[in-house]
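Presented below, as structure tokens, is a lone chain in the form predicted on its own.
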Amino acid sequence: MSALTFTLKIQPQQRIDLSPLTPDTLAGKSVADIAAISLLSGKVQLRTDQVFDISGDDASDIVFNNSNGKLDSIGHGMKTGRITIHGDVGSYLGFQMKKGEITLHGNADAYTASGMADGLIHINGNVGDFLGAAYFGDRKGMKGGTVIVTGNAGERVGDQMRRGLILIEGNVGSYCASRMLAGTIGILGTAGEYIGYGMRRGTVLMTQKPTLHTTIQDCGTHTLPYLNLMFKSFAALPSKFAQISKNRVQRYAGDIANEGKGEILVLV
């Protein structure tokens, strides 16, 4: 068997919702059945074979080639299997993902990993605003799983994040970890203003001290043995975080205007 491969053959004028094309929804279907699946694009329904050339037959291993930023909701709610994407994608990558693995060789737009509960998303590129954040009307963002970003991330990373791990090797925008409930965000680059705004609990791990607002308080320098266990768990991940071994940090607590049980740890 070979990977079920979708190669984009048109230049979309409207965004296309690819949420029907996940390993679990395509399991057991023939190529003819998959070709007839309808994809929503604005007010128009397109057959899958109008959008993609389709080859291969292993629905547990899906590949998107020649992808671009108008393809939304790849891996929406997926429960098993693997998706590999070559090219950029639109919004909602891995939205409400339950399990499985997504590897992106390109850039992603907003709301990546929003509502994600488990699994792994590895982005070899940059990602837009609201990574792992709560969607409109939801009170919780990412609920579990791991996201690795080799490039930069936009604003509101981890807004109302409830659980899970986000590792960003580049820079992040403003309001990172805003209203964060729990979980861990690691950042190797710089962060924009108002990091940890309204943060209730959770941990932000950094290598560079950010600009902090007044309700984030300096708690001094500490050696935290539990960081050894955290870094040991990073060792198997395909990320620069696997190389970190320090456990001496400058600890900042906050947001004290909202319980103040969260922490920003800066490696020293």
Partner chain sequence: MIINGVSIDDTFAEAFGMRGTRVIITAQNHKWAFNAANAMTGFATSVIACGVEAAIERELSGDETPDGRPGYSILMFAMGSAVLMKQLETRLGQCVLTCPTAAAFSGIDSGYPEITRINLGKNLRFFGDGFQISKKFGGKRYWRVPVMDGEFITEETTGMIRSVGGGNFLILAESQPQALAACEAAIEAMKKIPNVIMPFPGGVVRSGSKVGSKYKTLIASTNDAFCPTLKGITKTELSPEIESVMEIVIDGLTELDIRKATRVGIAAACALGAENGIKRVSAGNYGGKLGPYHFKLREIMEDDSLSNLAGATA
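These numbers were taken from a predicted model, which means no experiment stands behind them. Positions refer to the first chain, counted from 1.
The following text describes the form predicted together with its partner chain, which does not appear among the structures shown.
- Proximity to its partner chain in the predicted complex, defined as a heavy atom within 4.5 Å, singles out one entry of 183, 115, 90, 100, which is 183.
- Scanning 54, 230, 26, 212 against its partner chain in the predicted complex with a 4.5 Å heavy atom cut-off leaves one residue, 230.
- For residue 224, a non-hydrogen atom is located within 4.5 Å of its partner chain in the predicted complex, even though that partner is not displayed.
- Shown alone here, residue 179 lies farther than 4.5 Å from its partner chain in the predicted complex, counting heavy atoms only.
- Contact annotation for residue 41: none of its heavy atoms lies within 4.5 Å of its partner chain in the predicted complex.
- Its partner chain in the predicted complex comes within 4.5 Å of no heavy atom belonging to residue 246.
- Stretch 195-203 is the answer when you ask which of 29-37, 60-68, 195-203, 212-220 has residues with heavy atoms within 4.5 Å of its partner chain in the predicted complex.
- In sequence order, 251, 261, 263 are the residues of 241-264 having a heavy atom within 4.5 Å of its partner chain in the predicted complex; the partner itself is omitted from this view.
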